[in-house]
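The chain below stands alone and is given as structure tokens, in the form predicted alone.
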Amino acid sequence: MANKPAPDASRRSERSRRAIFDAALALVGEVGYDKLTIEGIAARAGVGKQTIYRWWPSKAAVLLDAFGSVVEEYDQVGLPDTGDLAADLKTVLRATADEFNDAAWQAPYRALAAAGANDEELSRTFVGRLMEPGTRVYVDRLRAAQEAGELDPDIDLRIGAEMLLSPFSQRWLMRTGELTHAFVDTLVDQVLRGLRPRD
């Protein structure tokens, strides 16, 4: 009788991690950050709480890794560069708007953002792990456009990226208007009008 292959521990661990991430994101959207517990995450994910504590020291660490797994994909790949800066920015920001309008993403992200407003350490970690990498890929794309002569050589690229991202975030966080493709297109066009080389 042939020996059965040993279970793949790495695959099992990855399935557990994914289940924990999904459970954490779902629960924080349902109950809020303050009421979220490691025990609740473990029960929803179908794992022991010791499994979670073996990998993460706190619920904040679980959530940040859950969101970070998405951000890291952008960080590794970067923004598209088709040679048309406006089109590339609109493509990515339209997709981001769709994502932020998805209730499955919106509820946990809002809960974490709200918690960060009252917790300086969480806020700093939130910015460092999630917002900073996202901003960096925009800075990199603007730099490529600047080097290609599409943008004014004297602009501050970081501020240029924030000119794109801050109105987007403000509208979403404060619910001052809908995040639509039309809004994204107008935002990109108006920001780039200020960043293009002067005649």
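Throughout, we count residues from 1 along the sequence that is shown. In this text the structure is predicted, and so the values were computed from the model without any measurement.
As for the form predicted in complex with a further copy of the same chain, it is not shown, yet the points below apply to it.
- At the 4.5 Å threshold, heavy atoms of Asp65 stay clear of a further copy of the same chain in the predicted complex, well away from it.
- a further copy of the same chain in the predicted complex comes within 4.5 Å of no heavy atom belonging to Asp102.
- Using a 4.5 angstroms threshold between heavy atoms, Arg158 counts as touching a further copy of the same chain in the predicted complex.
- Arg171 belongs to the set of residues with a heavy atom inside 4.5 Å of a further copy of the same chain in the predicted complex.
- Taken together, the three residues Ala26, Pro80 and Leu93 lack any non-hydrogen atom within 4.5 angstroms of a further copy of the same chain in the predicted complex.
- Within 4.5 angstroms of a further copy of the same chain in the predicted complex, the stretch 169 to 196 places a non-hydrogen atom from each of Ser169, Gln170, Arg171, Leu173, Met174, Arg175, Thr176, Phe183, Thr186, Leu187, Gln190, Val191, Arg193, Gly194, Leu195, Arg196, taken in sequence order.
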